[in-house]
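In structure tokens, one chain follows: the form predicted alone.
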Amino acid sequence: MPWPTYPMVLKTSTSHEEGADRHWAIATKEFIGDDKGNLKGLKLVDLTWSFGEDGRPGRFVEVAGSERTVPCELAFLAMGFLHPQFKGMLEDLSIETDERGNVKATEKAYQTSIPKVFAAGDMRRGQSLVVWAISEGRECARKVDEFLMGASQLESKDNSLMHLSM
């Protein structure tokens, strides 16, 4: 099923088949660390959806008595946004943005409207998958290398070790 209907389908992947549990409507209240700054746990609370007056869109409400702590040594934060933050560097440098509010940068060179300033990933494309951000970061690094050195030996989508014949 094509986007945007895909999220409405409950899909079981190999990680679920191997024993991963699914939990929905949970909020992280606190990251718990030790005296050395290492993450040791997460304080969580269950949520329930509460409709507003007259059935209008509501909000999530914490379920009383559901707070608990789970052990955790590594947490990944996946946070979306609409566009980069303008206040600060982008405003100060007067960097051009596109019609969607993302930093305007050339497709092939990743350069912004300011010479010697490059942009890639979510800053240039808008929010997307992390694999796109990684790909764009690698491609942009190659373009910066070419800009500074005149050439680059870094891999690119068009020049990958995977394309070499054995």
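From a predicted model like this one, the values you see are computed outputs, not experimental measurements. All residue numbers refer to positions in the sequence shown, first residue = 1.
Just so you know, the form predicted in complex with a small molecule exists too; it's not on screen, but the next bit is about it.
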inquiry  = I need the one stretch from 59-67, 104-112, 117-125, 45-53 whose residues put non-hydrogen atoms within 4.5 angstroms of the small molecule in the predicted complex.
reply    = 117-125
ask   = Are any of the heavy atoms in residue 130 no more than 4.5 Å from a heavy atom of the small molecule in the predicted complex?
value = yes
task = Although the small molecule is absent from this view, report whether residue 93 comes within 4.5 Å of it in the predicted complex, heavy atoms only.
result = no
inquiry  = Residue-level contact is defined here as any heavy atom of the residue lying within 4.5 Å of the small molecule in the predicted complex; does residue 89 satisfy this criterion?
reply    = yes
